[in-house]
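One chain is shown next in structure tokens, namely the form predicted on its own.
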């Protein structure tokens, strides 16, 4: 069994609301090891590199947006001036770049066995109203698709968490240098995983 790394980014809404300590404590409390911490203003280049630039990603984001608009009885063409999923995905990515630059972001690299699954479970659904109580988004996010649509912006959902082992590695390497990551043993760690 191999340890995984995941990147957590407390987004501007989490930073602005003073939730850094409450959020990080949840991941540390379940036994994930924090091996890197950083507080910085995200550059456009880093945010653009963070989210994929593939047609498949733009299409996935655009289709999800179209689905959410349709569920609410809204015409996406009014907001986006198109109903093409790829074009909508590109617009949403632009909104994400702006969102990430509203204030500093707080980043942590956590490590552990099944780390990705654990951080996803603790983070909760990316749509706040669908996030269960007890998750970061369920307890601290209050944004809605309706409000985000009305204001032509992405959902403010407090936290980014890596969603696959390969994404965790890629994201950690994008935001952190090797010198900013630390290797150490948690108290009792060598006895925890036999």
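Small disclaimer: the values here were computed from a predicted structure and weren't measured. Residue numbers count along the first chain shown, from 1.
Unshown form predicted together with a small molecule; subsequent notes refer to it.
K.L.:
So, 38, 42 and 103: all three within 4.5 Å of the small molecule in the predicted bound form by heavy atoms, or not?
P.N.:
So, no: the whole triplet misses the small molecule.
K.L.:
If you check 26, 142, 153, 46 against the small molecule in the predicted bound form, which one has a heavy atom within 4.5 Å?
P.N.:
Flagged contact: 153.
K.L.:
Is residue 161 close to the small molecule in the predicted bound form, meaning a heavy atom pair under 4.5 Å apart or at it?
P.N.:
Yes, contact at 4.5 Å.
K.L.:
Quick one: is residue 122 in contact with the small molecule in the predicted bound form, heavy atoms, 4.5 Å cut-off?
P.N.:
Close contact is absent here: in the predicted bound form, residue 122 is far from the small molecule, nothing within 4.5 Å, heavy atoms only.
K.L.:
Heavy atom to heavy atom, is residue 61 within 4.5 Å of the small molecule in the predicted bound form?
P.N.:
Residue 61 belongs to the contact set for the small molecule.
K.L.:
Would you classify residue 126 as touching the small molecule in the predicted bound form, given a 4.5 Å non-hydrogen atom cut-off?
P.N.:
Residue 126: yes, in contact with the small molecule in the predicted bound form.
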